[in-house]
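For this one, two forms of the same chain are given in structure tokens, first as structure 1 and then as structure 2.
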Structure 1
């Protein structure tokens, strides 16, 4: 019995230390958001909890100041919602096609899905950039949404999920005279609901934090998403720390709130790819 208690204490102590190390950056940015930007420039980002210099000025500036932060914030919210909704619907439809039918070229097409997951997206940046330019889609959200609308990982996950649904449902639907599309829309989509949560989280996180491609495509400030907007606050000519730090801190809050509310789905979504099938 004594040995068990000892193990418990050692394990707990060990994880507490690691956990503190992991939480230090969050703590640092949290207290920095209550300090004047000047303090940060002079002393650097540190762990000093000094009430004499801490105040709510940055937050007042965040909510009432003359800047585009909340334009970026709502752009990000809007883009994330639209992108997640479209990607989930399109990917689920494609996954159903792969799962419910046998057809010529099916295996070949599914290998193409896997191929997309194997090649770094970054290689396609330049040709996609010129393609977007030629299509006249520069500085538009369509250019961000379209290339990923049939997301390979999402299709893969949905297909896995659908393989657990009995084929009898489809057969029964046909007997009842439902059309092929009616079966999908009325019988299958409702059963897929649980799998949507995990994929909504995964895609939502990617979309909310997406940076490089939107950064290359979007050029006008009023269309920026939050990560791009925050990035523009860092300039070679001096940094707007007053807004940058409090803005960074505030950008973590919504996703943290969602995480705490839907933890299970976050974990399912993140580990979906690792499930061997």
Structure 2
């Protein structure tokens, strides 16, 4: 018992330290959003809590100033919602095919999915850019959505999750006369809710924070996503730190709210996907 107690204490202390290390950057951005931009220029991003310089001017400027922040914000919201929805539906359908059916070349195709997971996206940038340009999709959201609509990592996760679902459920559906689409839509998808929640959070974070690929394909300012828009605030001719820091703080809130709302399902989904199959 003493050994188990000691292990629990050590683990608790370790994860407490990890949690504090993760929260420090968020704390720094939070208090910086209440400070004027020149304070950030002078002292950099720091942990000093100084009430003498802290105020709500940056937030007033965010909501009333002449800028395109909320255009970028709602562009990111729209793009994230569409991209995550399509990615989950397509990837879940592909994973269900790998899990529920036997067909020629199944193992080879699944190995291809695993290989794709090992390829860094930066290697694909040039051929993907050329293909996008040849298809006439430049400066459109389609160029951002389509390349990731069947995410290899998401397919792998869903396949592992579905491998733990008893095949008797599918057999029972066929005995009752349900079509293959009916089995998938009425029996399988409801069971996958925890895995959908987990992948929605992970894919949502990736889509929301995606910078490199949207930066390469988007050229119109009114189509910019939030990461690109915030980057435009830093120029050789002047930096708008007031909007940059409060905009960065505000951009964290949607993902934080999403995670807190689906935390239980996220943990259940990740655990099931890790141990089943």
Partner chain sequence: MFKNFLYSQKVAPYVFVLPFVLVFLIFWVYPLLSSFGMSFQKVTLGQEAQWVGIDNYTKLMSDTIFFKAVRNSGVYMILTLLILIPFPMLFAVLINNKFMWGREFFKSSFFFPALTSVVVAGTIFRLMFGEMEGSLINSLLGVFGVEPVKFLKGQVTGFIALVALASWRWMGVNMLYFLSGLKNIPDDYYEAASIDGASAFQKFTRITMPLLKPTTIYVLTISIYAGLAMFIESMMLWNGNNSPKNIGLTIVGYLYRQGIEKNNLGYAAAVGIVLLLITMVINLTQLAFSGMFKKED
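None of the values given here were measured: they were computed from a predicted structure. We call the rigid core the largest set of C-alpha positions that still match within 1.5 Å between the two forms. Residue numbers count along the first chain shown, from 1.
Participant: Compare the two displayed forms of this chain and pick out the form predicted in complex with its partner chain.
Facilitator: Between the two, the form predicted in complex with its partner chain is shown as structure 1, not structure 2.
Participant: Core-aligned, what's the Cα displacement of residue 259 between structure 1 and structure 2 in Å?
Facilitator: Here residue 259 registers a C-alpha shift of 3.2 Å.
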